[in-house]
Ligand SMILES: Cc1ncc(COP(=O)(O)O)c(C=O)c1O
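The chain below stands alone and is given as C-alpha coordinates, in the form predicted on its own.
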(Lines give C-alpha, C1' and ligand atoms only; values in the text may rest on other atoms or scores of the structure.)
Protein backbone atom coordinates (compact mmCIF):
# COMPACT_ATOMS: atom_id res chain seq x y z
CA UNK A 1 0.00 0.00 0.00
CA UNK A 2 1.58 3.28 -1.14
CA UNK A 3 1.96 6.19 1.28
CA UNK A 4 4.28 9.16 1.29
CA UNK A 5 4.68 12.60 -0.22
CA UNK A 6 2.38 11.89 -3.18
CA UNK A 7 -0.69 10.85 -1.17
CA UNK A 8 -2.63 12.14 1.84
CA UNK A 9 -2.63 8.67 3.37
CA UNK A 10 -0.21 8.08 6.25
CA UNK A 11 0.03 4.58 7.75
CA UNK A 12 2.09 4.11 10.88
CA UNK A 13 4.17 0.94 11.15
CA UNK A 14 2.68 -1.64 13.49
CA UNK A 15 -0.73 0.06 13.73
CA UNK A 16 -3.88 -1.17 12.00
CA UNK A 17 -5.51 2.08 10.92
CA UNK A 18 -9.31 2.05 11.02
CA UNK A 19 -9.42 5.84 10.87
CA UNK A 20 -8.97 6.45 7.14
CA UNK A 21 -12.11 6.60 4.99
CA UNK A 22 -10.11 5.81 1.86
CA UNK A 23 -10.50 3.03 -0.72
CA UNK A 24 -7.98 0.20 -0.87
CA UNK A 25 -5.51 0.78 -3.75
CA UNK A 26 -6.77 -2.38 -5.48
CA UNK A 27 -10.24 -0.80 -5.63
CA UNK A 28 -9.03 2.17 -7.68
CA UNK A 29 -9.84 1.77 -11.41
CA UNK A 30 -6.41 2.72 -12.74
CA UNK A 31 -6.72 0.83 -16.03
CA UNK A 32 -10.20 2.20 -16.78
CA UNK A 33 -9.12 5.76 -15.98
CA UNK A 34 -6.00 5.39 -18.14
CA UNK A 35 -8.11 4.16 -21.06
CA UNK A 36 -10.60 6.99 -20.54
CA UNK A 37 -7.81 9.57 -20.41
CA UNK A 38 -6.36 8.24 -23.66
CA UNK A 39 -9.81 8.36 -25.23
CA UNK A 40 -10.40 11.94 -24.05
CA UNK A 41 -7.10 13.07 -25.55
CA UNK A 42 -7.46 11.08 -28.76
CA UNK A 43 -11.05 12.05 -29.48
CA UNK A 44 -11.26 15.52 -27.95
CA UNK A 45 -7.66 16.73 -27.99
CA UNK A 46 -7.40 20.45 -27.47
CA UNK A 47 -10.93 20.69 -26.05
CA UNK A 48 -9.92 18.41 -23.18
CA UNK A 49 -6.93 20.62 -22.36
CA UNK A 50 -8.65 24.00 -22.80
CA UNK A 51 -10.46 26.08 -20.21
CA UNK A 52 -13.79 24.39 -19.62
CA UNK A 53 -17.28 25.92 -19.56
CA UNK A 54 -18.28 27.21 -16.15
CA UNK A 55 -21.12 24.72 -15.74
CA UNK A 56 -18.87 21.80 -16.69
CA UNK A 57 -18.30 20.06 -20.03
CA UNK A 58 -21.47 19.22 -21.89
CA UNK A 59 -20.36 15.60 -22.34
CA UNK A 60 -20.22 14.97 -18.60
CA UNK A 61 -23.39 16.91 -17.87
CA UNK A 62 -25.20 14.77 -20.44
CA UNK A 63 -23.87 11.57 -18.85
CA UNK A 64 -24.89 12.67 -15.34
CA UNK A 65 -28.38 13.58 -16.54
CA UNK A 66 -28.78 10.28 -18.37
CA UNK A 67 -27.56 8.25 -15.40
CA UNK A 68 -29.84 10.02 -12.92
CA UNK A 69 -32.71 9.61 -15.33
CA UNK A 70 -32.07 5.88 -15.59
CA UNK A 71 -31.78 5.44 -11.82
CA UNK A 72 -34.50 7.83 -10.68
CA UNK A 73 -36.94 7.91 -13.57
CA UNK A 74 -36.42 11.45 -14.82
CA UNK A 75 -33.27 13.33 -15.87
CA UNK A 76 -32.87 16.70 -14.15
CA UNK A 77 -33.08 19.86 -16.26
CA UNK A 78 -29.68 21.02 -17.46
CA UNK A 79 -30.15 24.41 -15.76
CA UNK A 80 -30.21 22.66 -12.37
CA UNK A 81 -26.87 20.86 -12.77
CA UNK A 82 -23.20 21.80 -12.57
CA UNK A 83 -19.87 20.03 -12.14
CA UNK A 84 -17.95 20.67 -8.91
CA UNK A 85 -14.51 19.97 -7.52
CA UNK A 86 -15.95 17.28 -5.25
CA UNK A 87 -18.22 17.71 -2.25
CA UNK A 88 -15.72 19.71 -0.19
CA UNK A 89 -15.29 22.40 -2.86
CA UNK A 90 -19.05 22.48 -3.39
CA UNK A 91 -19.73 22.99 0.32
CA UNK A 92 -17.23 25.84 0.51
CA UNK A 93 -18.72 27.43 -2.61
CA UNK A 94 -22.24 27.11 -1.20
CA UNK A 95 -21.18 28.69 2.08
CA UNK A 96 -20.02 31.68 0.07
CA UNK A 97 -23.32 31.89 -1.80
CA UNK A 98 -25.76 31.10 1.01
CA UNK A 99 -24.21 32.41 4.21
CA UNK A 100 -22.18 35.09 5.90
CA UNK A 101 -20.04 34.88 9.05
CA UNK A 102 -22.20 34.60 12.17
CA UNK A 103 -25.05 32.73 10.47
CA UNK A 104 -26.25 29.42 11.87
CA UNK A 105 -25.72 26.13 10.06
CA UNK A 106 -27.88 23.27 11.32
CA UNK A 107 -26.04 19.96 11.23
CA UNK A 108 -26.99 16.38 11.95
CA UNK A 109 -25.59 14.83 15.14
CA UNK A 110 -23.39 12.96 14.48
CA UNK A 111 -22.21 14.13 11.07
CA UNK A 112 -19.23 14.25 8.73
CA UNK A 113 -16.52 15.87 10.81
CA UNK A 114 -14.64 17.56 7.97
CA UNK A 115 -17.78 19.35 6.76
CA UNK A 116 -17.85 20.92 10.22
CA UNK A 117 -14.35 22.27 9.57
CA UNK A 118 -15.45 23.86 6.29
CA UNK A 119 -18.42 25.55 7.98
CA UNK A 120 -16.25 26.81 10.83
CA UNK A 121 -13.70 28.16 8.36
CA UNK A 122 -16.54 30.26 6.93
CA UNK A 123 -17.37 31.68 10.36
CA UNK A 124 -20.68 29.84 10.79
CA UNK A 125 -22.15 28.92 14.15
CA UNK A 126 -23.04 25.25 14.25
CA UNK A 127 -26.19 23.97 15.94
CA UNK A 128 -26.73 20.21 16.18
CA UNK A 129 -29.97 18.39 15.39
CA UNK A 130 -30.22 14.94 17.00
CA UNK A 131 -30.78 11.77 15.04
CA UNK A 132 -31.22 8.06 15.66
CA UNK A 133 -31.22 4.81 13.70
CA UNK A 134 -33.81 6.26 11.30
CA UNK A 135 -31.73 9.36 10.62
CA UNK A 136 -32.27 13.02 11.47
CA UNK A 137 -35.22 13.81 13.74
CA UNK A 138 -37.32 16.18 11.66
CA UNK A 139 -39.45 17.22 14.62
CA UNK A 140 -36.31 18.37 16.43
CA UNK A 141 -35.12 20.25 13.33
CA UNK A 142 -38.41 22.12 13.14
CA UNK A 143 -38.36 23.02 16.84
CA UNK A 144 -34.76 24.29 16.71
CA UNK A 145 -35.34 26.22 13.50
CA UNK A 146 -38.35 28.04 14.93
CA UNK A 147 -36.55 28.76 18.20
CA UNK A 148 -33.56 30.27 16.40
CA UNK A 149 -35.68 32.39 14.10
CA UNK A 150 -37.78 33.60 17.03
CA UNK A 151 -34.53 34.89 18.56
CA UNK A 152 -33.76 36.76 15.33
CA UNK A 153 -30.94 34.46 14.19
CA UNK A 154 -30.38 33.74 10.51
CA UNK A 155 -30.24 30.04 9.63
CA UNK A 156 -28.26 29.63 6.41
CA UNK A 157 -28.96 25.94 5.78
CA UNK A 158 -29.31 22.44 7.17
CA UNK A 159 -26.58 19.93 6.24
CA UNK A 160 -26.94 16.15 6.39
CA UNK A 161 -25.72 12.88 4.86
CA UNK A 162 -29.04 11.05 4.50
CA UNK A 163 -27.89 7.76 2.92
CA UNK A 164 -25.44 5.47 4.77
CA UNK A 165 -24.16 8.51 6.62
CA UNK A 166 -20.66 9.21 7.82
CA UNK A 167 -20.06 8.21 10.61
CA UNK A 168 -23.15 6.35 11.83
CA UNK A 169 -24.14 4.54 8.64
CA UNK A 170 -27.75 5.55 9.32
CA UNK A 171 -30.14 6.17 6.42
CA UNK A 172 -32.93 8.71 6.68
CA UNK A 173 -36.21 6.80 6.52
CA UNK A 174 -38.57 7.46 3.61
CA UNK A 175 -41.25 9.09 5.79
CA UNK A 176 -38.67 11.37 7.38
CA UNK A 177 -37.40 12.36 3.94
CA UNK A 178 -40.89 13.46 2.95
CA UNK A 179 -41.35 15.28 6.26
CA UNK A 180 -37.98 17.08 5.92
CA UNK A 181 -38.72 18.21 2.37
CA UNK A 182 -42.15 19.46 3.49
CA UNK A 183 -40.52 21.36 6.37
CA UNK A 184 -37.94 22.91 4.04
CA UNK A 185 -40.62 24.02 1.60
CA UNK A 186 -42.89 25.35 4.34
CA UNK A 187 -40.18 27.24 6.20
CA UNK A 188 -37.98 28.32 3.28
CA UNK A 189 -35.05 26.31 4.64
CA UNK A 190 -32.21 25.34 2.30
CA UNK A 191 -31.14 21.72 2.80
CA UNK A 192 -27.70 20.54 1.69
CA UNK A 193 -27.96 16.83 0.85
CA UNK A 194 -24.50 15.19 0.82
CA UNK A 195 -25.09 12.06 -1.27
CA UNK A 196 -21.53 10.72 -1.30
CA UNK A 197 -22.53 7.15 -0.37
CA UNK A 198 -25.96 6.78 -2.00
CA UNK A 199 -24.76 4.30 -4.66
CA UNK A 200 -22.64 2.28 -2.22
CA UNK A 201 -25.48 0.07 -1.01
CA UNK A 202 -24.86 -3.60 -0.21
CA UNK A 203 -28.34 -5.04 0.28
CA UNK A 204 -30.83 -2.57 -1.22
CA UNK A 205 -30.73 1.01 -2.53
CA UNK A 206 -31.72 3.83 -0.17
CA UNK A 207 -35.07 5.65 -0.52
CA UNK A 208 -35.32 8.34 -3.21
CA UNK A 209 -33.09 11.35 -2.63
CA UNK A 210 -34.40 14.46 -0.95
CA UNK A 211 -33.79 16.38 -4.17
CA UNK A 212 -35.87 13.86 -6.12
CA UNK A 213 -38.79 14.69 -3.80
CA UNK A 214 -38.44 18.43 -4.48
CA UNK A 215 -36.59 19.02 -7.76
CA UNK A 216 -35.42 22.57 -8.19
CA UNK A 217 -35.42 23.56 -4.52
CA UNK A 218 -35.12 24.11 -1.64
CA UNK A 219 -32.82 21.04 -1.56
CA UNK A 220 -29.27 21.18 -2.94
CA UNK A 221 -27.94 17.69 -3.75
CA UNK A 222 -24.20 17.02 -3.87
CA UNK A 223 -22.82 13.97 -5.66
CA UNK A 224 -19.19 12.87 -5.73
CA UNK A 225 -16.93 10.55 -7.69
CA UNK A 226 -14.58 10.29 -4.68
CA UNK A 227 -16.25 7.20 -3.21
CA UNK A 228 -17.66 5.56 -6.34
CA UNK A 229 -14.55 6.02 -8.54
CA UNK A 230 -11.46 7.60 -6.97
CA UNK A 231 -10.92 10.45 -4.49
CA UNK A 232 -7.94 11.84 -6.41
CA UNK A 233 -10.25 12.88 -9.24
CA UNK A 234 -11.55 15.71 -7.01
CA UNK A 235 -14.74 15.75 -9.05
CA UNK A 236 -18.44 15.81 -8.28
CA UNK A 237 -21.69 17.45 -9.26
CA UNK A 238 -24.42 19.61 -7.78
CA UNK A 239 -28.17 19.77 -8.36
CA UNK A 240 -29.85 22.98 -7.24
CA UNK A 241 -32.42 25.57 -8.18
CA UNK A 242 -31.48 27.19 -11.52
CA UNK A 243 -30.90 30.57 -9.92
CA UNK A 244 -28.41 29.10 -7.42
CA UNK A 245 -26.57 27.24 -10.18
CA UNK A 246 -26.43 30.49 -12.17
CA UNK A 247 -24.97 32.35 -9.17
CA UNK A 248 -22.33 29.66 -8.66
CA UNK A 249 -21.34 29.41 -12.32
CA UNK A 250 -21.29 33.20 -12.60
CA UNK A 251 -18.78 33.59 -9.78
CA UNK A 252 -15.45 35.31 -10.35
CA UNK A 253 -13.59 32.07 -9.66
CA UNK A 254 -15.21 30.23 -12.56
CA UNK A 255 -15.22 33.30 -14.78
CA UNK A 256 -11.45 33.44 -14.29
CA UNK A 257 -10.55 29.77 -14.51
CA UNK A 258 -13.46 28.10 -16.26
CA UNK A 259 -15.07 24.90 -15.04
CA UNK A 260 -13.27 23.13 -12.21
CA UNK A 261 -11.01 20.17 -13.02
CA UNK A 262 -11.99 20.31 -16.68
CA UNK A 263 -9.60 17.65 -17.96
CA UNK A 264 -10.66 15.26 -15.21
CA UNK A 265 -14.29 15.94 -16.09
CA UNK A 266 -13.59 15.07 -19.73
CA UNK A 267 -11.86 11.84 -18.63
CA UNK A 268 -14.78 10.84 -16.40
CA UNK A 269 -17.20 11.57 -19.24
CA UNK A 270 -15.23 9.17 -21.46
CA UNK A 271 -15.16 6.55 -18.71
CA UNK A 272 -18.94 6.69 -18.27
CA UNK A 273 -19.48 6.61 -22.05
CA UNK A 274 -17.41 3.42 -22.19
CA UNK A 275 -19.51 1.77 -19.44
CA UNK A 276 -16.65 1.94 -16.98
CA UNK A 277 -18.59 3.43 -14.07
CA UNK A 278 -21.27 0.72 -13.97
CA UNK A 279 -18.71 -2.06 -14.24
CA UNK A 280 -16.53 -0.51 -11.56
CA UNK A 281 -19.44 0.08 -9.17
CA UNK A 282 -20.53 -3.55 -9.38
CA UNK A 283 -17.03 -4.77 -8.47
CA UNK A 284 -16.60 -2.07 -5.82
CA UNK A 285 -19.83 -2.99 -4.03
CA UNK A 286 -18.82 -6.66 -4.01
CA UNK A 287 -15.41 -5.89 -2.53
CA UNK A 288 -16.78 -3.53 0.11
CA UNK A 289 -19.56 -5.98 1.00
CA UNK A 290 -16.94 -8.68 1.63
CA UNK A 291 -14.94 -6.31 3.84
CA UNK A 292 -18.07 -5.28 5.73
CA UNK A 293 -19.02 -8.90 6.35
CA UNK A 294 -15.52 -9.78 7.54
CA UNK A 295 -15.32 -6.86 9.96
CA UNK A 296 -18.79 -7.40 11.40
CA UNK A 297 -18.06 -11.10 11.95
CA UNK A 298 -14.76 -10.24 13.65
CA UNK A 299 -16.37 -7.62 15.89
CA UNK A 300 -18.99 -10.13 16.97
CA UNK A 301 -16.21 -12.62 17.72
CA UNK A 302 -13.79 -10.39 19.60
CA UNK A 303 -15.54 -7.36 21.12
CA UNK A 304 -17.17 -7.56 24.57
CA UNK A 305 -20.88 -8.32 24.36
CA UNK A 306 -21.48 -4.93 26.00
CA UNK A 307 -20.44 -3.26 22.73
CA UNK A 308 -23.05 -2.63 20.05
CA UNK A 309 -23.00 -1.23 16.52
CA UNK A 310 -25.46 -0.03 13.93
CA UNK A 311 -26.51 -2.13 10.93
CA UNK A 312 -24.19 -1.48 7.98
CA UNK A 313 -26.32 -1.44 4.84
CA UNK A 314 -23.99 0.75 2.78
CA UNK A 315 -21.10 3.20 2.95
CA UNK A 316 -17.67 2.76 4.49
CA UNK A 317 -18.14 2.72 8.26
CA UNK A 318 -19.13 0.83 11.40
CA UNK A 319 -20.29 3.03 14.30
CA UNK A 320 -19.47 1.23 17.54
CA UNK A 321 -20.93 2.04 20.94
CA UNK A 322 -18.57 1.21 23.80
CA UNK A 323 -19.65 -0.04 27.24
CA UNK A 324 -20.98 2.44 29.75
CA UNK A 325 -18.27 4.66 31.21
CA UNK A 326 -15.80 4.35 28.30
CA UNK A 327 -14.38 7.44 26.58
CA UNK A 328 -13.16 6.67 23.05
CA UNK A 329 -10.91 9.75 22.89
CA UNK A 330 -9.21 8.91 26.19
CA UNK A 331 -8.83 5.28 25.14
CA UNK A 332 -7.22 6.08 21.78
CA UNK A 333 -3.57 6.33 23.00
CA UNK A 334 -3.98 2.95 24.73
CA UNK A 335 -5.40 1.49 21.53
CA UNK A 336 -2.50 2.82 19.47
CA UNK A 337 -0.06 1.24 21.90
CA UNK A 338 -1.93 -2.03 21.29
CA UNK A 339 -1.52 -1.54 17.53
CA UNK A 340 -4.97 -0.36 16.45
CA UNK A 341 -6.39 3.11 15.71
CA UNK A 342 -9.84 4.56 15.01
CA UNK A 343 -11.65 7.90 15.03
CA UNK A 344 -13.29 8.81 18.36
CA UNK A 345 -16.96 9.67 18.20
CA UNK A 346 -16.55 13.12 19.75
CA UNK A 347 -15.07 14.41 16.50
CA UNK A 348 -18.41 13.98 14.72
CA UNK A 349 -20.41 16.13 17.12
CA UNK A 350 -20.73 19.85 17.67
CA UNK A 351 -19.55 20.64 21.18
CA UNK A 352 -19.99 17.69 23.52
CA UNK A 353 -21.32 14.26 22.71
CA UNK A 354 -20.17 10.97 21.25
CA UNK A 355 -17.68 10.07 23.98
CA UNK A 356 -18.97 6.50 24.06
CA UNK A 357 -18.63 5.94 20.30
CA UNK A 358 -15.90 5.22 17.78
CA UNK A 359 -15.87 4.95 13.99
CA UNK A 360 -14.21 2.06 12.16
CA UNK A 361 -13.63 2.27 8.42
CA UNK A 362 -13.48 -1.03 6.51
CA UNK A 363 -12.85 0.45 3.05
CA UNK A 364 -9.06 0.67 3.18
CA UNK A 365 -7.84 -2.46 4.94
CA UNK A 366 -7.54 -6.00 3.57
CA UNK A 367 -9.67 -8.65 5.24
CA UNK A 368 -6.85 -10.15 7.30
CA UNK A 369 -6.08 -6.73 8.81
CA UNK A 370 -9.75 -6.07 9.49
CA UNK A 371 -9.92 -9.29 11.47
CA UNK A 372 -6.64 -8.67 13.30
CA UNK A 373 -7.64 -5.09 14.09
CA UNK A 374 -10.92 -6.29 15.60
CA UNK A 375 -8.98 -8.83 17.68
CA UNK A 376 -6.63 -6.14 19.02
CA UNK A 377 -9.49 -3.76 19.74
CA UNK A 378 -11.50 -6.45 21.49
CA UNK A 379 -8.53 -7.47 23.63
CA UNK A 380 -7.85 -3.96 24.92
CA UNK A 381 -11.57 -3.30 25.54
CA UNK A 382 -11.91 -6.48 27.59
CA UNK A 383 -8.85 -5.55 29.65
CA UNK A 384 -10.17 -2.02 30.19
CA UNK A 385 -13.56 -3.40 31.17
CA UNK A 386 -11.94 -5.65 33.75
CA UNK A 387 -10.13 -2.66 35.25
CA UNK A 388 -13.38 -0.68 35.43
CA UNK A 389 -15.18 -3.56 37.13
CA UNK A 390 -12.46 -3.80 39.81
CA UNK A 391 -12.82 -0.15 40.86
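None of these values were measured; they are calculated from a predicted model. Numbering follows the first chain given and starts at 1.
This protein has a second form, the form predicted together with the named molecule, left out of what is shown; the following refers to that one.
Asks: Please pick out the stretch from 80-88, 209-217, 176-184, 149-157 that is in contact with the named molecule in the predicted complex, where contact means heavy atoms within 4.5 Å.
Replies: That would be stretch 80-88.
Asks: Only one of 136, 106, 265, 196 gets a heavy atom within 4.5 Å of the named molecule in the predicted complex. Which one?
Replies: Flagged contact: 196.
Asks: Consider the chain as shown here, without its partner, and state which of 99, 190, 261, 166 has a heavy atom within 4.5 Å of the named molecule in the predicted complex.
Replies: Looking at the other structure, the residue within range turns out to be 166.
Asks: Run the contact test on 112, 227 and 234 with a 4.5 Å heavy atom cut-off to the named molecule in the predicted complex and return yes or no.
Replies: Affirmative, all three are within 4.5 Å.
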